[in-house]
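The form predicted alone is given below as one chain in structure tokens.
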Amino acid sequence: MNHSPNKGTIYLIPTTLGDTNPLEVLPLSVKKIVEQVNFYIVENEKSARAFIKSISPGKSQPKLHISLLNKFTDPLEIPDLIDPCLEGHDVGILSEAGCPGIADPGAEVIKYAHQKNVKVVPLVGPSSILLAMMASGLNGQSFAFNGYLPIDKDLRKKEIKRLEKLSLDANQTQLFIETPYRNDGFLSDLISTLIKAYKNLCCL
């Protein structure tokens, strides 16, 4: 695909989860981009500014142009988010944690950018999904990411059972994520559902 030289570039900037110093895990190429970009599309302005400051303490915060993209964003507003890029400015997309476009609303902006022939550059950074896969000892040749499971307890247990069967039938590792404040309940459902299924399997 040929990209217009008059348009800016969209950079997909990975962020860390928790209090880890970003520069301990992110390459210097991320620091370089953060230092040169002043237009950002983010999920949360406060945490995005804090991340940018941790990467580049000397960067002028008042010069930053921040646009929000989260679950409250009207889909009709998405095309407007890349207007700075169409005017020649580079734009950075920042997820709240992790990689933009992966279980993240940034994917919609990225899709629109491709439609407008805007160059999209993903930057290297840690992904909790792949890190979990690497550390699991499970099948790394065939795996699937299922995003967030249902919030409803009964539906969630039903989905866990479905994924367990798929994992056994296809020898495929199943990955999913959850928000921190629902982790305890989610883990409890995983344990109770999978232990019950394991006991039933042992009785066959």
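Keep in mind the model is a prediction, meaning the values are calculated, not measured. Numbering starts at 1 and runs along the sequence shown.
The protein also exists as the form predicted in complex with a further copy of the same chain; that form is not presented, and the subsequent description refers to it.
Residues Lys46, Ser54 and Pro79 are none of them found to lie within 4.5 Å of a further copy of the same chain in the predicted complex, as judged by heavy atom distances. With the partner left out here, a further copy of the same chain still marks one of 149-157, 28-36, 59-67, 46-54 in the predicted complex; by a 4.5 Å heavy atom cut-off that stretch is 28-36. Among heavy atoms of Lys116, none comes within 4.5 Å of a further copy of the same chain in the predicted complex. Contact check for Pro84: every heavy atom lies farther than 4.5 Å from a further copy of the same chain in the predicted complex.
None of the heavy atoms of Thr179 is located within 4.5 Å of a further copy of the same chain in the predicted complex. In the predicted complex, at least one heavy atom of Val120 sits within 4.5 Å of a further copy of the same chain. Contacts between 142-174 and a further copy of the same chain, taken as any heavy atom within 4.5 Å in the predicted complex, involve Ser142, Phe143, Ala144, Phe145, Asn146, Gly147, Gln172.
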